[in-house]
Structures are given as structure tokens and as C-alpha cells.
Ligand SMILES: C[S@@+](CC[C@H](N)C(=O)[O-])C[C@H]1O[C@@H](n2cnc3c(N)ncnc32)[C@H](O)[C@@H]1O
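The data below hold one chain only, encoded as C-alpha cells and taken in the form predicted on its own.
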Amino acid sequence: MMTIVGGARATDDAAVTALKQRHRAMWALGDYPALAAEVVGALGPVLVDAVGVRPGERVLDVAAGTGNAAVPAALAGGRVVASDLTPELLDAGRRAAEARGIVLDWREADAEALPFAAGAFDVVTSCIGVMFAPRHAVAAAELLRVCRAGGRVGLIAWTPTGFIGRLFATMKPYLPAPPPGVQPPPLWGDEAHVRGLLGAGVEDVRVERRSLTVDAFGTPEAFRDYFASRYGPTIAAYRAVADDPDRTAALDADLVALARDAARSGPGGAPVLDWEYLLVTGRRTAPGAS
């Protein structure tokens, strides 16, 4: 039997392209701009502070969404490009930034094929964004390619064992299997994995586990309902089982159980969730350095 390697590769590429199209539509579902502002907005300034954006520096924020890191980078004086696969998120970010008089460049772009020259930026960041690109090594290579030698790279990603990593594990049985070779997003929050992705492309690497404290949900059911109506991946999970009442009920119960198990008692007994993430920074080595 003849094995047509090129044909298999073409099939794989077509599957990944179709997955990206689904991702693009998925992130436009619900109201991620609200979630970004109300729940995870504090992460952007953390990342910008960690990479030390200085006035006049050229900054690229990859998979920027509505600009949680891009906008603080612009406020720090950076000349910022915010790129994302989903134009609806860019539009929402642009409107919010313009309302505040903040100027930056919003570009629709695939994190695995960035439309920028090699070494075009002094700082390259991604805040819980590039982790959702299907092929981790391809996306990581692009982050490094567009950062100049001596520039800085900064990343924030949810950890596999933290709350959002557990959320994705909870939703996995309800979603279609991804194409072969596509890795789970929270792997970007595993130190060994992300060090392997960046490899010799960065030096002076600093890795730190931190937590985002979330007290926005008064009950586990409130968490479930908020994510089921605003967060694209959760909406996609519900849509995947919409024709099966038993599986829908099971997903309901699993999300409530996740939030109940993870919650701790905050001030006055209110439930608090700690969402663990990995903060990674490094300095770009000269291309080809080892």
C-alpha cells in the first residue's frame, strides 16, 4: 500500500484550518468582552508590569482579545499592535479604547502565521490568549520570530491543575475531539512545556505561579450560569450536547460541582475562587543561538 505523506499533511492542515474557523466563531459567542473586563481584567497590567514596557517601545500583543494587556501596554507608552483571530473581540476592544482616548493598532491575525516581519517588535506578549492556538510549537516559534534579539517575551497562561485548567478538563467529555496533534490550551501553563516551547529562543527566563482571586460569583450556580452565557468555550460545550437533555443536565451538574469544590470562604463567608496561572518572561536570544 502506498502512503501519501503529502496528502496526509494536507488533510491535517485542512482539519486545523477548520478548527481555527470554529475557534474564531466560538470566541465571538456570548459576551467575552464583559468577562474580560469584569473577571480577568487584572491580568493584563500584571503582564505589562512583568515585561517592563517602556515609552516608545514597539509592542505586539498576540491573541489580544479586547486588549487586556494591549491597552495597559499603550498606557505605559508603548507603540502597541493588538492582534487576534476574532474580529468581534478586536472591534469591542477598539471601541472601549477609543472611548478612553487610548490609541493603538488593532489587527486581525492568526497567532500561527503572524503578518509581521522578523524582529519587528521590542516586546511580544500574550495574556491567556496564544495558549488557545491549536499547534503550540508553531505559535511559540511565531512569538519568537517577531521579537528582536534582546527584546522581551511575556506570557500568562492558565495552569492545567488550576481552576480554569480543571474547567477545560470538565468540559472536554462534552466537546468534539480535536484533530490529531492539537494540544490542550492549559499545557501553556505547565512550566516544563512552556520552557520546551521557547527553548534556546529566550534567556533569563523567569517563571512564577500566581493566582487571580475571583469573588464575582455568589454561588456555584451563578458561576455556571455566567460562563454558560458569556464564555465561548462553555457555550460551545452546551451547544454540542443541546440535543441530549441528560448530557446537558450532566454538564450543568459538573460545572456546579467544580465551582463548589474549588471555592473557599472569603470575607463574610462569601465564596472565593483562586484561578492559578503561570507568568513567564524572558529575553530573546539572537536567532540561531544555542
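The numbering used is simple: start at 1 and walk along the sequence shown. Note that the structure is a prediction, hence the values are computed from the model and not measured.
Not on display, but discussed next: the form predicted together with the ligand.
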Practice task
Look at the stretches 193-201, 132-140, 213-221, 171-179 and give the one with heavy atoms within 4.5 Å of the ligand in the predicted complex.
Solution key: 132-140
Fill in the blank from the handout: None of Leu85, Leu104, Ala76, Ala92 but one has a heavy atom within 4.5 Å of the ligand in the predicted complex; the exception is Leu85
Problem - the ligand: the contacting residue among Ala237, Ala63, Val48, Leu60 in the predicted complex [heavy atom, 4.5 Å] - result: Ala63
Problem - Ala36, heavy atom within 4.5 angstroms of the ligand in the predicted complex - result: yes
Exercise for the section: May I ask you to check whether Leu187 falls inside a 4.5 Å heavy atom distance of the ligand in the predicted complex? Expected result: no
Problem - Contact test in the predicted complex: Tyr32 vs the ligand, heavy atoms, 4.5 Å - result: yes
Handout entry: Interface membership of Ala97, the ligand in the predicted complex, 4.5 Å heavy atom rule
Key = no
Completion exercise
Contact check, 106-133 vs the ligand in the predicted complex, heavy atom within 4.5 Å, ordered by sequence, gives Ala109, Asp110, Ala111, Cys127, Ile128, Gly129, Phe132, Ala133
